[in-house]
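Take a look at this single chain in structure tokens; it is the form predicted on its own.
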């Protein structure tokens, strides 16, 4: 565990020094929350701010997770990853430390978005409900972080990874249940949305907010996160830079 903690501390220290990056990562989800959640006149749900907040939280985790792949990309480009691989600590420590940092960073960002949502009118939930929401977001964060770091191992430069990030982030968000319920979507979009991993996380957070216990969605997220994590570890064990 000491190796994992060391890698996490290293990335958190590096992240905390980039204040512009910390602030800029919150601008887009906060803008969606304020300008869409408050301004859009929607009739298919009661409090639209309550409806859209889970989608914004998951979008924040998605953005944090996908941008986390750039951390590994820059370590490759600058030669740090070669040095880390030569250390006596297990290779898995590097990867797991990176994934936990990316997920933890996303949870910090979602916490700020949650505070903003409550301040502008979202329903205040119980501590138990917030705890369950964080569990869902953590599982989704591990899934996306493991996926993004695996992709970063295969791509050769930052521009390629940025293009990949742009290519999948918005389509994933707009084909999920973030902005509207399934029953008002066109049938083809509802089918895609029900298969979208973002929808599993969004629906789980909504169920928690309404007092439910989304065991099905949480189970699916857990299985998917474990499968992608195992694949990521397997790839990372074989990597040569």
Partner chain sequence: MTLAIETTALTRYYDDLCAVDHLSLSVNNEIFALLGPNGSGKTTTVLMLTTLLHPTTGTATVCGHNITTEAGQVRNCISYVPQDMAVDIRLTGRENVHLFAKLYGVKNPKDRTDEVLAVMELTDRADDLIKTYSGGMRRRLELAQALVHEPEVLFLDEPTLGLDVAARKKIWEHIRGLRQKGMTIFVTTHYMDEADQFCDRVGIISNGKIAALGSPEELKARLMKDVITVRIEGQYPDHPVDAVSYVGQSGDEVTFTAENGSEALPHLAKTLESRGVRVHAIDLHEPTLDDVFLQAVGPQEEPHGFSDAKFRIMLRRRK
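This is a predicted model, so every value here is computed, not measured. Numbering follows the first chain given and starts at 1.
Omitted here: the form predicted in complex with its partner chain. The next part is about that form.
Undergrad: Quick one: is residue 154 in contact with its partner chain in the predicted complex, heavy atoms, 4.5 Å cut-off?
TA: Taking the distances in the predicted complex, the answer for residue 154 is no, it never comes within 4.5 Å of its partner chain.
Undergrad: Is there a heavy atom of residue 89 lying 4.5 Å or less from a heavy atom of its partner chain in the predicted complex?
TA: Yes, residue 89 is a contact residue.
Undergrad: Report whether the minimum heavy atom distance between residue 82 and its partner chain in the predicted complex is within 4.5 Å.
TA: It does: once its partner chain is placed as it appears in the predicted complex, residue 82 has a heavy atom within 4.5 Å of it.
Undergrad: Report whether the minimum heavy atom distance between residue 234 and its partner chain in the predicted complex is within 4.5 Å.
TA: Contact with its partner chain, no.
Undergrad: Heavy atoms, 4.5 Å, its partner chain in the predicted complex: which of 106-114, 143-151, 122-130, 69-77 makes the cut? Say which one.
TA: Partner-contacting stretch among the options: 69-77.
Undergrad: Is any part of 98-133 within 4.5 angstroms of its partner chain in the predicted complex by a non-hydrogen atom, and which residues would that be?
TA: Heavy-atom contacts to its partner chain in the predicted complex: nothing from 98-133.
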